[in-house]
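One chain follows as structure tokens, the form predicted on its own.
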Amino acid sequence: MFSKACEYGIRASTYIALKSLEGTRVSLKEIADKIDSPVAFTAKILQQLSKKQIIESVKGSLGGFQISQSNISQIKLAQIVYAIDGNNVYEGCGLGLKRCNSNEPCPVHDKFIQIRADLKEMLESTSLYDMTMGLEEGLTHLKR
């Protein structure tokens, strides 16, 4: 449902949030390593997230990426998805057909309406803070 860039964007934002809660900025290389993403691809994703003010890029020898601690619980996954993929996750055909609507539905059209509604609810109600819970204890993971 998400593009590869969006998947990496969610994982990168979650890792940056985790480290920001610890008071630490993280380098591009560290983020790419921790989310198992190519460095150049990660750089492009972080640039998009920075432009949309989801993450902050700090230059210099003590620089890196961070998210202000006060914003971590305010930033929802929906904002990250929108910054990278736009509204595509809420639109389009579940089978990838170019034309699919209630007048000319694909076989899963009606079922996808509820799936999209549930997905939208989850993305709009899940914060980056929620995503960091469990990472420190090893209950959840950002890479395998």
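All residue numbers refer to positions in the sequence shown, first residue = 1. Bear in mind the structure is a predicted one, so any value in this text is a computation, not a measurement. In this text, the rigid core denotes the largest set of C-alpha atoms whose superposition between the two forms falls within 1.5 Å.
Below, we refer to the form predicted together with another copy of the chain, which is not included among the displayed structures.
Proximity of Leu46 to another copy of the chain in the predicted complex: non-hydrogen atoms within 4.5 Å are absent; the residue sits far from the partner. Though the partner is left out of this view, Gly64 does not reach within 4.5 Å of another copy of the chain in the predicted complex, counting heavy atoms only. Within 4.5 Å of any heavy atom of another copy of the chain in the predicted complex lies no heavy atom of Gly60. Met1 belongs to the set of residues with a heavy atom inside 4.5 Å of another copy of the chain in the predicted complex. Residue in contact with another copy of the chain in the predicted complex (any heavy atom within 4.5 Å), chosen from Gln53, Asn101, Asn87, Ser68: Asn101.
Taking another copy of the chain as it sits in the predicted complex, the stretch 102-121 comes within 4.5 angstroms of it through a non-hydrogen atom at Glu104, Pro105, Cys106, Pro107, Val108, Lys111, Phe112, Ile115, Asp118, Leu119. For Gly92, the Cα coordinates differ by 2 angstroms or more between the shown form and the other one after the core has been superposed. Wider separation of the C-alpha atoms of Ser37 and Leu95, by 3 angstroms or more, is seen in the predicted complex than in the present form.
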